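For reference, the chain that follows is the form predicted on its own, supplied as structure tokens.
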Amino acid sequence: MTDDKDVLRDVWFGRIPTCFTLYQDEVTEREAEPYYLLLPRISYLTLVTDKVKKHFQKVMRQEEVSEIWFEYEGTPLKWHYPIGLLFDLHASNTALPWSITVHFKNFPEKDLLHCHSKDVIEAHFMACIKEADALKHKSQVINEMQKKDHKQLWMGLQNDKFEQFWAINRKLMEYPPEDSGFRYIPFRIYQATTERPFIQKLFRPIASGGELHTLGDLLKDVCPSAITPEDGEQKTQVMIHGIEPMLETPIQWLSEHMSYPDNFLHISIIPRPTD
């Protein structure tokens, strides 16, 4: 893996200023002040919002409190999607701070998975890492790691420890020199305008002729509508970690440097602002 450590750091320390407000129909004993927080893009809502939960529970009757869930402009926010992906997909062209509504009642069973403990988040996170390594190395790297290495990946994410996480994660980003890249690229493409959760298929980082595949090649193959305008005007933006990478960027480089901690590239295709 090339040593662009500054890129890894910028990705890791990306933050979104957020204002949490309690849903107006929640029953409180006194007025609930909004709660402000810098959310880490790479983490999960249910992992970093203990303080938010405590803040609002203070003004509520205990019998009114059931499982917490979050919503933005009527859309329930999936906690098992990384925070940065949720923002890019639903709110990237809105003014900051990001306004999230907090609910303690009427959990939307159809839209969200339950998250009763941190163990649920850890299980989801490790399942993603294992799936990514199956694509990259036929699971050889993750299977050769010890249990404590798996735990270190999780604790690094949970405690926001860049060095602790990358000491182990760098092994998942390596490949034999004769291969020039991973077997397949772990990626998911999300579209703001469809009901389909995401697109995912097998895609190699190197073409049969040996040349490097780019982000543009991936999109052309998997989601051509994202880069081929119907009438000559580009109507969409392709976002990863809040930026629009150049379509000429090699997909192998993006996979090594701009994947989320779960080792997937989470790519959002969103409508381009019209103003």
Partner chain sequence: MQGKRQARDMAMPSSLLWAVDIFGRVYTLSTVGQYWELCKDTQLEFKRVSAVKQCCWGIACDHQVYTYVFSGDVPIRYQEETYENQRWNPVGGFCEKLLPSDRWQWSDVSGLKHQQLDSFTLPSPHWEWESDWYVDENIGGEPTEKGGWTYAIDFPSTYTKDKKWNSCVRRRRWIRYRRYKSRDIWAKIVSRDDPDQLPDPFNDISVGGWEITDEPLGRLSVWAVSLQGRVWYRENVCHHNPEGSMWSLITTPGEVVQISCGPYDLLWATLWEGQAIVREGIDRNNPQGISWSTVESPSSENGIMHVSVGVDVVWCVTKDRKVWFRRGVNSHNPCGTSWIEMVGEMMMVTVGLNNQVWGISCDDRAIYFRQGVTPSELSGKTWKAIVSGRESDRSQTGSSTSLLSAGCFFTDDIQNQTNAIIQGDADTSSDTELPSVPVNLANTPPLGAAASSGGNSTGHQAAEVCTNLTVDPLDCHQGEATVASTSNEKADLEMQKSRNPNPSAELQWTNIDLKEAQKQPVLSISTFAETSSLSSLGMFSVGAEEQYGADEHPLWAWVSGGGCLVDLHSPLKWFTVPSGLSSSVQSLSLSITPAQTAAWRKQIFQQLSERTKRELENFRHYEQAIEQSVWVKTGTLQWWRNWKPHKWMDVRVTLEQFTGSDGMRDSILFIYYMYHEEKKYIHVFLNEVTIIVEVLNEAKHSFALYTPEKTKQRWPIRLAAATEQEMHDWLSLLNMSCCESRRIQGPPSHHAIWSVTCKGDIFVSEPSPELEAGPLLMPCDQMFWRQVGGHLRLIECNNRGIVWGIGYDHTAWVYTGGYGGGFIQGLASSADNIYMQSDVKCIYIYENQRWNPVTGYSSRGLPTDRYMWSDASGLQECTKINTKPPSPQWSWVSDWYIDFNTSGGTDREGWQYAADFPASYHGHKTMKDFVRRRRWARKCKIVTNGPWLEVPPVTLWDISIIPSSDADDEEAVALWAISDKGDVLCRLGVTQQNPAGTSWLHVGTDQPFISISIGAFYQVWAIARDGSAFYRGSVSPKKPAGDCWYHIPSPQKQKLKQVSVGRTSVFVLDKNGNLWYRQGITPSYPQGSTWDHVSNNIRKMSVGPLDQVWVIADKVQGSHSLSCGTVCHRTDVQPMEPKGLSWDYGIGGGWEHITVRGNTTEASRVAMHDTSEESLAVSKDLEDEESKGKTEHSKTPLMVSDSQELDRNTVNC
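Numbering follows the first chain given and starts at 1. Given the structure is predicted, the values throughout are model-derived calculations rather than measurements.
Omitted from view is the form predicted together with the partner chain, to which the following refers.
Q. Could you tell me if residue 53 has a non-hydrogen atom within 4.5 Å of the partner chain in the predicted complex?
A. Residue 53: no contact with the partner chain in the predicted complex.
**Q.** residue 154, heavy atom within 4.5 angstroms of the partner chain in the predicted complex
**A.** No, no contact at 4.5 Å.
Q. Using 4.5 Å between non-hydrogen atoms, is residue 200 touching the partner chain in the predicted complex?
A. So residue 200 counts as contacting the partner chain.
Q. Are any of the heavy atoms in residue 22 no more than 4.5 Å from a heavy atom of the partner chain in the predicted complex?
A. No, residue 22 is distant from the partner.
Q: Work out which of 150, 80, 90, 103 lies within 4.5 Å of the partner chain in the predicted complex, going by heavy atoms.
A: Only one option qualifies, and that one is 80.
Q. Judged by heavy atom distances of 4.5 Å or less, which residues of 185 to 214 approach the partner chain in the predicted complex?
A. Heavy-atom contacts within 4.5 Å come from 188, 196, 197, 198, 199, 200, 201, 202, 204, 209, 210, 211, 212.
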